[in-house]
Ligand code: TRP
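First, one chain by itself: the form predicted alone, in structure tokens.
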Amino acid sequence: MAKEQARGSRNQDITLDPWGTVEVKDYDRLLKVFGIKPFSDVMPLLKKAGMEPSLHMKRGIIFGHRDFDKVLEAKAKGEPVAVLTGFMPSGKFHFGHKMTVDQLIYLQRHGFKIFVVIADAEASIVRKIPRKEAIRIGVEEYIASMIALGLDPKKTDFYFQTSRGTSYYRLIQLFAGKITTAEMEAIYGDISPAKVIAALTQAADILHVQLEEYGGYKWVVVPVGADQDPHLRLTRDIADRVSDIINLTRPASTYHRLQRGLDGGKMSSSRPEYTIFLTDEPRIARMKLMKALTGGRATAEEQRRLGGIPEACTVYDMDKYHLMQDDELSRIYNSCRSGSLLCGECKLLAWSKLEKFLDDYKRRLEKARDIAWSIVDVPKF
């Protein structure tokens, strides 16, 4: 068993479950437990590859990687590089999803070929989403949202899992012979036939772009949240094990911190009261933001005397991940810490940015939905 897989996905207080609820409290410990390398290691390589670090990179939101240094070295030599990421069409598009799309846009602007899979098979077999609804959500919520946010549809390969070609499915079948039930249980814990198929299909999603008919991209990076690392470790092991059949390179990956919901828990479509969706009406979005958990003190007097704790504040998360430029973010942080900025005032600052974003986004989304339906091969059943 390869070293990465042997680590499993459970170690004392850290559990990584790509289909469940994950709250990572100690990212430094996660690096050590699962063998993920600090992203700071590759920061010097970005400039050699002709790239300036993104806001997410500079702010430590992207915190870890596996073999991204190899991808950057290949790019610096002029070799073609690609990105593969996926979305399960199980609910409305929210700001946690936007964080991944921001990374795609950044990499696309730096010459990476973008592949985006809509995991309709996984939505059907794992989440029991009706097929027609999964397809509609995939097009109108996810593909359209990505286009509205700025991903160039002419330079992006959007596809549904159940519409891919023969060789893609051949990989899934071949992969099934390279992994045991015991190994799947070590990675995922309780396993079912549906989850086995979903995991092997994700491996095919990640690795099939190396096939010549899909571009032959040897250097592929997968940007994911920390909870998705089990899929990456499985896929990297499978890439090694099929060498007797086909030559595949281990995929690289980058890891970002999971944005918290407005109550401090997981941001998820299944928790709408604590999640801001990009299609929320302004009145609803404002109400959610104003009720959000903050790092403020019990009273205004205590806040002014002791200062707030921005690290504990979900509004500050919105500022840091999406809304504020560096100088604005620094002022908010320091003012909160000093006690000169109260939580109500801070929320209004965030809302002024969020309101404008949602208004601009809504106008772009309608046009993007028409484009989305026209560019994707919709599954026939």
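Counting begins at 1, following the sequence as shown. All values reported here derive from a predicted model rather than from experimental measurement.
Unshown form predicted in complex with this ligand; subsequent notes refer to it.
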State yes or no: in the predicted complex, is some non-hydrogen atom of residue 161 no more than 4.5 angstroms from a non-hydrogen atom of this ligand?
yes
Closest heavy atom of residue 222 to this ligand in the predicted complex, within 4.5 Å or not?
yes
Tell me, yes or no, whether residue 206 is in contact with this ligand in the predicted complex, where a contact means a heavy atom of each within 4.5 Å.
yes
Mark residue 141 yes when one of its heavy atoms lies within 4.5 Å of a heavy atom of this ligand in the predicted complex, and no otherwise.
no
Report yes if all three of 34, 229 and 254 come within 4.5 Å of this ligand in the predicted complex by some heavy atom, otherwise no.
no
Looking at 117, 171, 146, 71, which is the one with a non-hydrogen atom within 4.5 Å of this ligand in the predicted complex?
117
Interface residue in the predicted complex among 129, 278, 99, 88, criterion: non-hydrogen atom within 4.5 angstroms of this ligand:
88
Going by heavy atoms within 4.5 Å, which of 132 to 140, 80 to 88, 246 to 254, 209 to 217 lines up against this ligand in the predicted complex?
80 to 88
